[in-house]
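Just one chain is shown here, as structure tokens, and it is the form predicted on its own.
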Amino acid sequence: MFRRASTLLRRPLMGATSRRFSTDLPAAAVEDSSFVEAWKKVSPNVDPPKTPLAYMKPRPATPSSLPSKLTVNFVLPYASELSAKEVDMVIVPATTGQMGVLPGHVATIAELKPGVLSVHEGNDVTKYFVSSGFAFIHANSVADIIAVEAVPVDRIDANLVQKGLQEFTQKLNSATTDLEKAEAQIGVDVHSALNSALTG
């Protein structure tokens, strides 16, 4: 297999020229004219049904040059922390490790773990502790970050974090059922991440 690797890599992939990527698709939704014509034959007095795409805003076109700023939307279920904020970089606590996002980043979806989300704007760095969520990085240098819970790091009380970590560690050691162990382990993980956010 390895002897043939160089010939396999030089050979064009089957159908590679015909495959389209999401960045190649038009920004505006295209109506299926054949469906509309068929619908008019069956039910000429009723407008064709709308698909979910009809209610969505058109996707912004991918810029031809690399933008200088990253546009960030950071939302919680009950509030919007950042809305269309232009920043230099964002570092998110992904489950695969810390992930830095700069303008022009490849489109990615990342699951967030408990940790610190850093928003870099010039020399200013704003840090939030996030419990979990997802980060959607789009090809047009827009990052949508959705967290279940978040709080600025400077508003976290170190004494309460230490107290919570001790309580959940005791619960984990005394847990008898799988449910009790799982709940205690989540508490230990979150409080350990909070402690790391404060110390590092």
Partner chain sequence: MASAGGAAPFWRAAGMTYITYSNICANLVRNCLKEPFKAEAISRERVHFSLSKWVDGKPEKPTIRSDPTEH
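What you see is a predicted model, and the numbers here were worked out from it, not measured in a lab. Positions refer to the first chain, counted from 1.
Although not depicted, the form predicted in complex with its partner chain is the subject of the following passage.
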For the three residues Val116, Asp124 and Ala139, which mark the spot I'm curious about, does each lie within 4.5 Å of its partner chain in the predicted bound form through at least one heavy atom?
no
May I ask you to check whether Ala175 falls inside a 4.5 Å heavy atom distance of its partner chain in the predicted bound form?
no
Would Thr96 sit within 4.5 Å of its partner chain in the predicted bound form, counting heavy atoms only?
yes
In the predicted bound form, Trp39 touching its partner chain (heavy atom, 4.5 Å)
no
So in the predicted bound form, does any heavy atom of Leu70 sit within 4.5 Å of its partner chain?
no
Residue by residue through 180-198, tell me which have a non-hydrogen atom within 4.5 angstroms of its partner chain in the predicted bound form.
Ala182, Glu183, Gln185, Ile186, Gly187, Asp189, Val190, His191, Leu194
